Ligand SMILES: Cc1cc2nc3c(=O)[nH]c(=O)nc-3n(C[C@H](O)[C@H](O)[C@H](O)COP(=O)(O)OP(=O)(O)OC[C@H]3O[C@@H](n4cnc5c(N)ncnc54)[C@H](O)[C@@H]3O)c2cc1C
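Encoded as structure tokens, the following chain is the form predicted alone, with no partner shown.
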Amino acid sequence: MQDLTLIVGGGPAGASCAWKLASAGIPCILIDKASFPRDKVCGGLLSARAAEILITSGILSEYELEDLTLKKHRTVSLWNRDELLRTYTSHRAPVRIVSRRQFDSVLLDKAASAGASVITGDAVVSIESMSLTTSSGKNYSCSNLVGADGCDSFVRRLISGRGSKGKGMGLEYFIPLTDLNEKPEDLQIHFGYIPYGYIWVFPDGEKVNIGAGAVGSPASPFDIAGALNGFLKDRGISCDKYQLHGAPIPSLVLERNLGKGNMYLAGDAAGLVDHVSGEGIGHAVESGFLVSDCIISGGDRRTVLKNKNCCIDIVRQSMLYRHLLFSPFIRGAAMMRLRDNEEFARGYWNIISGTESYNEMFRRLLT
């Protein structure tokens, strides 16, 4: 079919792309190897910026987003290993904790309701030119191909001949609050355990997601797992009682043009994970919309991607500014700034919530 778009991957990037294309009347098929609902390794933090994108686009209403929200947070405590640096509370829009199992399924249902053909439980096993074959033996041809298939993207390898270079790693446990002697109420970020990464504690009301992640780090997955398990052991939490979940995180190679020609990349497949905050959900959704806009416009990437405040530019900035927080040469000074400087702590929160870009934050701090 000459005007058909094939989307590989049914996470937030693929689902948002399919929803917008179908809403514009453009035929599209979305294919994912998993059957939904499915679990996804992720802290589940949805920034205020991501929430605004979801609502203003129309893919979710405010009521629907509220229904998907497990808990809202405006307070974060920042730690340098065992030292509490500061507890910061914002009076602006909160960040949210969502279940990826529920969130991703709802977005996929939205794409199907808009008219996209959604095929799950069928993996893509080969791609040649603009045709692909699935594990069930089905063949599809298209005029536009979208890779929203994660860090180890099949489509990315087709475009560039390589996967995501220098992958990071995310690991997490879900622990019922009833199992904890100290029940955290607010977000916690613990620096100092992992080079170019951190340990997070994200309560969602009934349980707490405790995980560790690093992007562009010399730490191996074994190192990250050791740091996380040591963190829990020091707090009297037995790791043996809970299942450890893990997944790679794209790192270092950012596809600024979201692919090339009539082959597109979105979300993790395009390397769109923030190298400081770890933000990924909002960037995935926004990049899915950007790819759909490129297709709707007939492939006019230059016009669609010129916005200097889009997810591509934010991730590019994070790749530069991550050194100001994580570099071993100045990390100590950065920790002191978080402890002693209210404006620096506020800037870090604004990065987490997506209400300020890195350039805006550092420009304000330096003036």
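Keep in mind it's a predicted model, so treat the numbers as computed, not measured. Don't overthink the numbering: it's just position in the shown sequence, from 1.
This next part talks about the form predicted in complex with the ligand, which is not shown.
Inset, instruction - Look up in the predicted bound form whether V8 has a non-hydrogen atom within 4.5 angstroms of the ligand, and give yes or no. - result: It does: once the ligand is placed as it appears in the predicted bound form, V8 has a heavy atom within 4.5 Å of it.
Inset, instruction - Answer yes if any heavy atom of R38 is within 4.5 Å of a heavy atom of the ligand in the predicted bound form; otherwise answer no. - result: Contact check for R38: yes, within 4.5 Å of the ligand in the predicted bound form.
Inset, instruction - May I ask you to check whether L145 falls inside a 4.5 Å heavy atom distance of the ligand in the predicted bound form? - result: Because no heavy atom of L145 falls inside 4.5 Å of the ligand in the predicted bound form, the answer is no.
Inset, instruction - Considering only heavy atoms, tell me if G278 and the ligand come within 4.5 Å of each other in the predicted bound form. - result: Yes, G278 lies within 4.5 Å of the ligand in the predicted bound form.
Inset, instruction - Mind telling me which stretch in 67 to 75, 242 to 250, 187 to 195, 229 to 237 gets its heavy atoms within 4.5 Å of the ligand in the predicted bound form? - result: Single hit among the candidates: 242 to 250.
Inset, instruction - Would you kindly say which of M263, I175, L158, L171 lies with a heavy atom within 4.5 Å of the ligand in the predicted bound form? - result: Exactly one listed residue reaches within 4.5 Å, namely L171.
Legend entry - Those residues of 91 to 114 which, in the predicted bound form, come within 4.5 Å of the ligand by heavy atom: Counting only heavy atoms within 4.5 Å of the ligand in the predicted bound form, the contacting residues of 91 to 114 are R100, D104.
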